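The form predicted alone is given below as one chain in C-alpha cells.
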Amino acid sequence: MEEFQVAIIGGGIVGACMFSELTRKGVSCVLLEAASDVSNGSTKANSGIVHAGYDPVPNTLKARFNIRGNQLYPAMCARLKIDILQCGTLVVTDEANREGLNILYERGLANGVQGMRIIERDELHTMEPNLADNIDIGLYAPTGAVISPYLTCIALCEEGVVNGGKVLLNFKVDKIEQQGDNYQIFAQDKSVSAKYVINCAGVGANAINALVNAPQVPLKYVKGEYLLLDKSQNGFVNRPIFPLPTKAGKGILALPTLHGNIMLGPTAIPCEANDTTVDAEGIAQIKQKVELSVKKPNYKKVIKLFAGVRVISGDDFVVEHLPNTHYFYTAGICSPGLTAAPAIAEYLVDEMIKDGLTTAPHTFVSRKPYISTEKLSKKELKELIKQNPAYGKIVCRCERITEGEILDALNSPLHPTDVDAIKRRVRPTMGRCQGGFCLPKVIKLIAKHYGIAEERVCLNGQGSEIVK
C-alpha cells in the first residue's frame, strides 16, 4: 500500500487547488478521482467567471474566500501559464431597480471589492451595444474575469504531478479504515494510505463523510443548463452581463468564453445529484430570461447544449475539520466556488499545518503549457513544423487543432485516455461541428498512442465506447 502524508478525494477545482498548494510546499500528496479525468463534474460545466465578490453576504465564508480567491487568480494563472480574460463584469437593470443595484454596490464595498462603480445609461450602452433597450444602469466590477474552468483544474493537477504529487484516476473510494495514525483508503482492489484526508468530493461529499462517521451535511442539487454559441458571435458581449440577482441566484447571463464563444445561462432547476440533461423547458427559460438583459442572440448559432450540477448547503460554504482527527471536509461549494477554490485551499493547508502537517523545502517545477498553433505567428508556426511535421497536420478544422497538439495532450502528465479528456486540454471536437469531422481522427490517435483497438476508445470513461 502506497503511503502519503495527504490524500485528497475529488478532482474538481477545490481538490485541484489543494493538490497544487500542498505539493508546492513539499508535502507528499495523492489526489483520488472517481472518474477517468479530473474536472469531470461541476467544474467542467461552469461559466468560468472569476467573480469580483459583490454578491456574497458580508462576513460569510463565501464573501471571505471569494475576495481572496479573486486576488489570487491572476498570479495563479501566470504561474500555470494559462490565459485569463480580465474583462470585468456588469450587473444591469432598469431605473426602477436602482435601489437594488445600490444595495449590491454597498455589499461589494463591505466585502472589500476594489474599483466598482455605478455606470449610467449612455456609457453603459457604449460599453455593451447589445444590451436590451430597457437597461438604464449597471454595476461595473473591473476585478471580475473569465477563465477556462476545466483547463485551470487540469493545469493545477499537472503542476502537482510535476512537483512530486500523484493523481489516481478511476479511483472511486468505497471504504476508509483507520489504522493507527493513518487512514487506509480503498477503491475496490486498489488502496492508498495517508495521515490526512481531505474530502473535496462535491456531489459525493456525504458518501465520503459516511465512511469516516463524519456529519452528514444538508445538501441540495441545482441544475444549470447552458447554450453555447459559435465563435462567429464573438463580440456580442464583451464581458459577463448579469441581471440583478434574486434569492434564486445570480440569474441567467450572457458572457464571452476565453476561446471566443458566447455562452448563455445557467438555469437553476432542482434536480438529482447527477442529472445533467437539457430539456426544452430549460432552453425556453434561458431564451426568455437572457433577453431581459441583452438583445436577442442569434440562436441559430447555438452549437452545444450542456448542464452542470451545483451543490448547495444552506446559505454558505461548508469547510470543516472533524474534531480530534486528521480528516477535513468541504461541501456545498457552489457559486462563487470556482473563484473561492484557491483561497479555500490556502486556508485548509494553513489549518492542516496547525494540526501538525509537516512541510518540506521544495524546488518548484513549472508545468509545461500546451502549444497553441493558432496563437503562433506564421514564422513561428513554420519553424515549429520544421522541427515536428505533426504540427502541420490539421485534425480539428473548426478550432484549427493539429496532430502535434493532440499528441502533446496524450503525453501530458495526467495521461488522458478518452476523447473528452483530450477535448478539455486542447479543444478538438469543441468547434462548430462538435466533432463531426475530427472525431474519427482523434479516436485513431488515441488508439495508436495506447496501442489499443479503436473500439476500446471511450468518449468519457469506461462504458462510453464510440466505435462498435
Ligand SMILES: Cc1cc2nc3c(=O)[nH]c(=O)nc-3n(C[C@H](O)[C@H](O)[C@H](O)COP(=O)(O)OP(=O)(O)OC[C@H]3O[C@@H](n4cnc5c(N)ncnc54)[C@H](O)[C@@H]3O)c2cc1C
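Owing to the predicted nature of the structure, the values given are computational and were not obtained by experimental measurement. The first residue of the sequence shown is number 1, and the count goes up from there.
Just so you know, the form predicted in complex with this ligand exists too; it's not on screen, but the next bit is about it.
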Single option in 397, 172, 220, 166 placed near this ligand in the predicted complex, where near means a heavy atom within 4.5 Å: 172
Contact residue in the predicted complex, from 144, 138, 224, 108 (heavy atom within 4.5 Å of this ligand): 224
4.5 Å heavy atom contact, residue 51 and this ligand in the predicted complex: yes
Contact test in the predicted complex: residue 416 vs this ligand, heavy atoms, 4.5 Å: no
Residue 308, heavy atom within 4.5 angstroms of this ligand in the predicted complex: yes
Partner contact for residue 91 in the predicted complex: this ligand, 4.5 angstroms, heavy atom: no
Interface stretch in the predicted complex with this ligand - options 280-288, 199-207, 297-305, 74-82, non-hydrogen atom within 4.5 Å: 199-207
Contacts with this ligand in the predicted complex, stretch 1-31 (heavy atom within 4.5 Å): 9, 10, 11, 12, 13, 14, 15
